[in-house]
Every structure is written in structure tokens, then in C-alpha cells.
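Just the one chain here, the form predicted alone, laid out as C-alpha cells.
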């Protein structure tokens, strides 16, 4: 039920400030670590998402300029300065970068794009902002409670679907991939020696599933909220220490503060008639958004085969760190005129991260094969065919061949259809 009771707009404004500030930190960190050049300028090829092949790297200096614009727009969001322009520019610049190469896909990048989209729609700049200082008449002190509930619902979806995804035999019964990951953290200070305890992976597996499934409801309940938020901090601090997941812990710790808000009684009757409103078309956009958010994580049920193996419907469904997967891929280019073949040196076209991700994800194997066909056709190879010998291990199991080594992978196409080139596991 939509809660239309008036409440202070301050919590939404504070959430905007926190989000924009974390994004500024993230952008500066990305540039400081040299990732702009390493990830988006240096590689010869990129792996765009199906339907977004037109999204390309802007090269040098284009990518540096894009990140500069992104950083300034994130600062504009935090300060509430020229907010409508800042929020839209940040949304499109961040999402553009995200779409260039899916080898860098992370759930928290997806979450940032969604949060940025929601901020574009809501009047988070009409309180505690430079825009209000510039135009005092636009200031609003009150909003309907559902505007804050929008972010609560989105965060709840993230946690809940992450928990549902963990309800499977590999995670709960076999404690995979935690049985691989935890012992590898034995060199951590203080807690390192505990990582080798034989029962710890099972404890972490069940605790992680129960945390994800319950924390949205515990945060929503006023009585359990402080304890739930303490658990959020502990959970994300520990995972941030153990795994290389960037600013994701900071993003979730900051955004989850949205569950703490003043009650309706804190809004005076005199202000109740100046409640922030949202046009009906934008309300419809929000409804469509949340319908998609609820349906998308289930789309894998429409595909045959084992999800973790084929990865059809895996992305954009909040499946957070559920598997340990690695592979090797050796590609051969065959000359259609002579029938002769030659092995491809993947390092000529891909950086180490791209090659690692490509070698275990079926859609990227096909994208790379199609790239190789075009590249070697330009080099004079007649009607080139591309085959690959791809071996993949999942959760520590013996490696298995993922595709038919005699199949011309360059003739396959990626899209929403099942990955028919993947051999059954």
C-alpha cells in the first residue's frame, strides 16, 4: 500500500548527499588507480551488452573527459547544484561507461545506475541544497512518505533476491564457493587463522543466506532496525576486507541509512500543504521499474541448462558472489581457402582481466570469436572460421569442455535466446 503521509524531506536530501559523495569518491578512486586507461583505453576490443554494440570507448582523451564530467555531476548531485542536469548527466555518463565492457560487470555498478535513475525522478534537491540557496522559493520541507519508501523497496529487492539466490544445494549444503575462498584469506590480520576452520564455510553460507533474506524486513521494523543496521555494517565490513569489491560496502552502508527516518509527527500541520509531488507519468515510470525489478531475477527460469554454467539470465538478478568459476580458451583461426589454421594469442587483443572473464562466460566467447573473424578478415584471411577449445571449472569441480571445439563460433549470435553453443555440464 502506498504511504502518502507527509514527512520531512530532509532524509531524502541526506540520502542524496551521501550517494553523491560516495560516487565522487568512487570516480576519483577509479582515476587515481589508473583504471580509466587500463580498462577502457588500452584494450583493443571490448565486450558490449547485446543491443548496446553502439556504446564504444571514447579513447584518449575522451574517456578522461567523460570521467571528469561524471565526477563533476556526482558532486552536483551531492551538493544539490543544478540538480536536474547533474543527476541526469551522472546517470547517463555512469551507465555509458558501464555498458562499454561487460567483463567489468558488478552488481554494485548496476545498483548505482538504478539509484541514480531514482534520484533523477524524485525532488531530492528541494532541501539542503545549493539549488535552494539559489532559488529559495523552490524549497520544500515535506514529502509523501512513499518517496523514501522507493529506496527502501529497491534496497530490499537487492538483499532479498541475493538471499533467494543462495538457497541452493551448492551454497548451503556444499558451502561452495566459500570452501575455496575462506582458506585463501588465512593471512588476514586477527581473523585470518579462523578462516581455516573446517566448519566456517557452512556457517558463513547459512548466515549469509539468512542475513540477505531477513535484513530488509528487520530494517523496515522500527524495533529491530538498529540491530539490523549493525549487522549491515558488520556484514559489509567483513566482506569488504575479504574480497576485492571496491566501494560496494560503502555504498550499501550509506544507502541503507534510508531506513532511519523521522516519524510523521515531526511534520507540522502548517507545512502539510506544501508536500512535494511527482507527476503521474513519472509515477507510472516507477511502477514499471519495480515490476521489471521483480521479474528480471526470475528470467533464468525460461532457459534450459544449469544457470551457473550457461549464465543465461545470470546478470542483473542480484546473484552476488555465488560461484567460483575459471576457464582457459584457445582460439584457432581457419583460412577458408587453404583450410590451414593458426592459434590466436589472446594477449594481442585483451588485457588479463578481459581474457579471464571471457574464458568462462559463453556469450563473451562468441563475441570474441566474432571479433576475431572480422579482425583476421581485415588481415587477409579468406572466409575465416573461428573455433575454440574452452575448458571451465565450476566451484572446484574438474574442468569440462564448454563448447564444441569443431563449431564455428563466429557464426553464432548472442541475444536473449539460449546459448545453444554451450555443451551440457
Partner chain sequence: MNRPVIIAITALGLCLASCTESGGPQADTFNRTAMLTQLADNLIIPSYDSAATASVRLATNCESILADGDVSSADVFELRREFVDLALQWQRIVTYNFGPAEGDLGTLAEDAATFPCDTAEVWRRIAAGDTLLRDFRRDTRGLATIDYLLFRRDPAEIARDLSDASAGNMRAYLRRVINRLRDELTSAAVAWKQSYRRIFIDRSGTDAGSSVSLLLNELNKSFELLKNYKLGLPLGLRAGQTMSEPTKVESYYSGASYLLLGLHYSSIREIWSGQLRGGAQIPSFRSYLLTVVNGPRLVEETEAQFTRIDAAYGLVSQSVMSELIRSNPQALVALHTEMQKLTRFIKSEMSSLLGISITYSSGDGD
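Positions refer to the first chain, counted from 1. For clarity, every value in this text was computed on a predicted model and none was experimentally measured.
Below: the form predicted in complex with the partner chain, not depicted.
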*asked:* For the interface check, one of 285-293, 69-77, 122-130, 329-337 should have non-hydrogen atoms within 4.5 Å of the partner chain in the model of the complex; which one?
replied: 329-337
_Candidate from 57, 387, 26, 357 lying within 4.5 Å of the partner chain in the model of the complex - any heavy atom_ = 357
*asked:* Counting any non-hydrogen atom inside 4.5 Å, which residue from 277, 321, 164, 238 sits next to the partner chain in the model of the complex?
replied: 321
*asked:* Each of 202, 248 and 345 having a non-hydrogen atom within 4.5 Å of the partner chain in the model of the complex: is that the case here?
replied: yes
*With a 4.5 Å heavy atom cut-off, would you call residue 156 a contact of the partner chain in the model of the complex?*
no
*May I ask you to state whether residue 220 is within 4.5 Å of the partner chain in the model of the complex, using heavy atom distances?*
no
*According to a 4.5 angstroms non-hydrogen atom cut-off, is residue 191 in contact with the partner chain in the model of the complex?*
no
_Interface membership of residue 244, the partner chain in the model of the complex, 4.5 Å heavy atom rule_ = yes
*Select from 191-220 the residues with a non-hydrogen atom within 4.5 Å of the partner chain in the model of the complex and write them out in sequence order.*
196, 198, 199, 202, 203, 206, 210, 214, 218
